[in-house]
Each structure stands twice: as C-alpha cells, then as structure tokens.
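Here you get one chain, nothing else, as structure tokens; it is the form predicted alone.
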C-alpha cells in the first residue's frame, strides 16, 4: 500500500488476554507488518451502558445521555478507521453481549435525531471488516449465526468482508495450542486485510473466464 491505513481491533471478551483477544492481536500484528496503523480496544473499558430509548433519553441538544466512553470511542476512533477487527468468543452460539451492545449503540449516532448523523453515515460506511472468533468446540454451524450477523452488517454499511478466523480453546490463551495454528492464519489475514477482493456474483455480473489473473495482490476472502 502507498500509505498506512488505520485498523481498530474491538475485543469484546471480559478476559483481557482471552482467546478471541489473542486472535485480534494477531490480525493487528499482521496489519502492522503490512505498514498499517493499528490499535486494540478492550470494549469493557469503554462501553458499559445498554442502548435505551433515544426518544426518552436523548438530551435537548441531540447528544446521547448514556455516560460511558462509547461516544469518544465511536466518534474519534471507529469512524476514523479504515478497517475494523471484531473479536468475540462464541457464547450460546452467538456473539458476546459486549460486541452486540457496541453495535446496537451505533443507533444513537446514525438516527436522524442525532444532529450530525449525515456525517456519521458518511464516515461509518465503506470500511473493511475482519471477524475473529474463539470457541470451545469446532462445530462449524456454531459459528454461522455470528457470521450471518456480520455479513448483514457488512451489506448494510457497504463493508468489504475481508475474512474470518476461528481458534479452538477454552482456558485463557489455550488457542496457542490449537494445532491448526489460527494465530498465524490471523496474522496472514491482517497482512492481506486491504488486498482481499470480495466477490459476490449475480447471474448478470460481468466476470472474466478465469479466477486468478495477473494481479498477485488480489486475494480471496479467508474463511476458516
């Protein structure tokens, strides 16, 4: 890349050194190796309040009245990022409550009742996103609910889904023992974060007669 992009990792596990957090760190490590600016955010440090009814709790000036660190995190860091790394353990076959709450709280700033919503819309769209999951079991279907949710989020916000990496483990840091080496896969995903070409052909799409062209910097989405 001609210049470094900004990549923010959002780790939602309450365990600061949990397995999904290690995957996020590895993705960011790879992105840093590719020359990008990276930062890992531990969501529980910033987000504590749940989404409420904006019609009742929004201040007269249109600002959100929930007193925690979400506003600064979202407006100053997330909107400024070129790519987001969403990291979560698989809990009850869905994403963690911390990550879901982070996504829910975006509504406060994209709603038309927020005075600067148009600027938020513009800055929130057209990013790249990578998903880091940790799970105790290697059941593929256990991941699908989260994958579907993030895919729909990506569709709605015009995001490029760069890839998904899953590490198997339970105890803190146990994915380091996963023989499939998900941490290295995560680093490679980070290195390719802005090189991935996402394809979603329709019947009437204009497509070449071959998959692999001369552009060696174009990679398929990672799904493991």
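Keep in mind that what you see is a predicted model, and the values were worked out from it rather than measured. Positions refer to the first chain, counted from 1.
Only in words, not in the display: the form predicted together with a small molecule, which the text now covers.
In the predicted bound form, at least one heavy atom of residue 137 sits within 4.5 Å of a heavy atom of the small molecule. Using a 4.5 angstroms threshold between heavy atoms, residue 169 counts as touching the small molecule in the predicted bound form. When contacts are judged by a 4.5 Å heavy atom cut-off, residue 90 counts as touching the small molecule in the predicted bound form. In plain terms, the part of the chain that comes close to the small molecule in the predicted bound form, with a heavy atom within 4.5 Å, is 92 to 100 out of 76 to 84, 150 to 158, 92 to 100, 110 to 118.
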